[in-house]
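First, one chain by itself: the form predicted alone, in structure tokens.
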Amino acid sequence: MLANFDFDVIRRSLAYLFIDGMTFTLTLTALAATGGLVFGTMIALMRLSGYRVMGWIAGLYVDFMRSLPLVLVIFWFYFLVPYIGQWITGSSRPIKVGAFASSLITFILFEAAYFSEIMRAGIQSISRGQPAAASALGLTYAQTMRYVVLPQAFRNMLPVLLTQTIVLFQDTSLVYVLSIPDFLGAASKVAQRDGRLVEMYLFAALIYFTISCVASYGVRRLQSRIAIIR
């Protein structure tokens, strides 16, 4: 059975798969994780601010995003973002955003809902006595969050945040539905061009499996080191 396979197609396509495809995948993962973490922290602070309206808006956003399939959100923003750009700029026509920009916006908004819940749990894990002590020392709410609560919350939630980033790395493969040449999209193009679907999709699965396993092992090592420090 294996004699019918042409694994040399993988060797011939390595440069395209990794220089173009994997570079795009890692870039999208890094940018989406950074944007999602920043936006998710803002949402978490809104939910914990004590202002009922802000908490309600943030909670509604999180529930809304978490109830939708990611691939549907990708399609939705791909067609909606040009019209949002037209509305913001006052242009007479929908502006050209491009598949990368719309997919990046999609992942930031979608992942922010998950990062915000992780951050909210991390903030709530901090003893209430610490904010009270910071307030007694004259720190404002913003200063208390910046210098006392958030640094400890990030440390407590770092393993979970990194695990969610691994999930994000796997989810970025969905952008191939927009014909973006990420790693899976590049492998799919080669597979269809050369008629080697089995070989290319097996190779793509092996690469995703290897990277995710190595990253998960690194997270477990980090988690054990943080636990020892405590």
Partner chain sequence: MNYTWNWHIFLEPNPTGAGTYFDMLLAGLKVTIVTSLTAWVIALIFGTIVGILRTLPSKLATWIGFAYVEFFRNMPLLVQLFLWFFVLPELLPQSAGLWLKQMPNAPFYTAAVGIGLFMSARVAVQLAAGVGSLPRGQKLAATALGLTTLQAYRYVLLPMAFRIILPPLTSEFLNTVKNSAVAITIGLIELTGAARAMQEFSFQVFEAFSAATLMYLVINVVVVIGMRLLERAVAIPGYITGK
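Positions refer to the first chain, counted from 1. Values in this document were obtained by computation on a predicted structure and should not be read as measured data.
Another form, the form predicted in complex with its partner chain, is not on view; read the next lines as being about it.
- With its partner chain left out of view, the stretch that reaches within 4.5 Å of it through heavy atoms in the predicted complex is, among 83-91, 98-106, 122-130, 145-153, 83-91.
- Highlighted residues 67, 75 and 176: every one comes within 4.5 Å of its partner chain in the predicted complex, counting any heavy atom.
- Contact check for residue 209: a heavy atom falls within 4.5 Å of its partner chain in the predicted complex.
- Its partner chain is not shown here, but in the predicted complex it comes within 4.5 Å of a heavy atom of residue 213.
- Residue 79 belongs to the set of residues with a heavy atom inside 4.5 Å of its partner chain in the predicted complex.
- Shown alone here, residue 221 lies farther than 4.5 Å from its partner chain in the predicted complex, counting heavy atoms only.
- Taking 57, 202, 30, 42 one by one, only a single residue has any non-hydrogen atom within 4.5 Å of its partner chain in the predicted complex, and it is 202.
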